[in-house]
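Single chain ahead, written as structure tokens, the form predicted alone.
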């Protein structure tokens, strides 16, 4: 039997993972795992995950890991980093955990330029609880709580996280948005975010556009089309701020 290539930093007894078929979380976590491997930081990495679909990553890596209360991953990782500055702390969450219940923590960590790395997965809905409207749900998108499509006149417009994080942070911050449809670029952004923390420059934030065919109720073609034709049009991919060199679009 030929086994698939997996990051060395993954904890193999927990594989295959428990995410739904077609979910993009596994792709984001593979990119993170390969970035950890290439930087050689597994032994000093602490991984923290939120409630929601992201909680299924709690035992993904062969490194110290912690699962936090919903929306509280960012301050937990800040606390660990302040207590042990030599560690590399990674907060992993969904758009609900980061932009809704956890938005105040994300905002204030960015303002304080906390030297942690946050990776936020944007799939435009609350995936684990049935596909309700999230802060990132697109205008006109149908969800369990917007059966006629999201109306910005009633609920406002989708949150553009990297844009507001870039506006709040100092020059030492690294801010980017990637997508699971461009794996090599996404891994490069995540690796840059970790490198920025290693160098002690400041807050590092990567949003990853992801797929959720279970709640989108889409087949393979429709799923990829929504990601590339709708999400990537509204949420532009690229580097918004980087002390490591010229930003990439």
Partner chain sequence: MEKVLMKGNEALAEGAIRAGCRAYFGYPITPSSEIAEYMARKYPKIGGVFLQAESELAAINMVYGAASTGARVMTASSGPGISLKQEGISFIAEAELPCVIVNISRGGPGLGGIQPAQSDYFQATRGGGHGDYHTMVLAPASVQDMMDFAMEGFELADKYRIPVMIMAEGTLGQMMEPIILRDPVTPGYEKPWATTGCKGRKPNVITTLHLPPEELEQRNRYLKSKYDLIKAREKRAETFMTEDAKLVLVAFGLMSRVAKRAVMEVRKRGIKAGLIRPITLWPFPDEHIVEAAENGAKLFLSLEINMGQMVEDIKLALNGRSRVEFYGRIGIIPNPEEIVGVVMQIAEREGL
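What you are looking at is a predicted structure, and each value in this text was computed from that prediction instead of being measured. Numbering follows the first chain given and starts at 1.
The protein also exists as the form predicted in complex with its partner chain; that form is not presented, and the subsequent description refers to it.
message: Each of 187, 227 and 241 having a non-hydrogen atom within 4.5 Å of its partner chain in the predicted bound form: is that the case here?
response: Not a single listed residue reaches its partner chain in the predicted bound form, so no.
query: Closest heavy atom of residue 220 to its partner chain in the predicted bound form, within 4.5 Å or not?
result: Answer no; every heavy atom of residue 220 is more than 4.5 Å from its partner chain in the predicted bound form.
- prompt: Taking heavy atoms and a 4.5 Å cut-off, does residue 198 contact its partner chain in the predicted bound form?
  reply: Close contact is absent here: in the predicted bound form, residue 198 is far from its partner chain, nothing within 4.5 Å, heavy atoms only.
task: Indicate whether residue 105 is a 4.5 Å heavy atom neighbour of its partner chain in the predicted bound form.
output: Within the cut-off, so yes.
task: Indicate whether residue 72 is a 4.5 Å heavy atom neighbour of its partner chain in the predicted bound form.
output: Within the cut-off, so yes.
- prompt: Among 56 to 64, 187 to 195, 200 to 208, 29 to 37, which stretch sits within 4.5 Å of its partner chain in the predicted bound form, heavy atoms only?
  reply: Contact criterion met by 56 to 64 only.
field: Contact set, 77 to 97 vs its partner chain in the predicted bound form - heavy atom within 4.5 angstroms
entry: Counting only heavy atoms within 4.5 Å of its partner chain in the predicted bound form, the contacting residues of 77 to 97 are 78, 79, 80, 82, 83, 84, 87.
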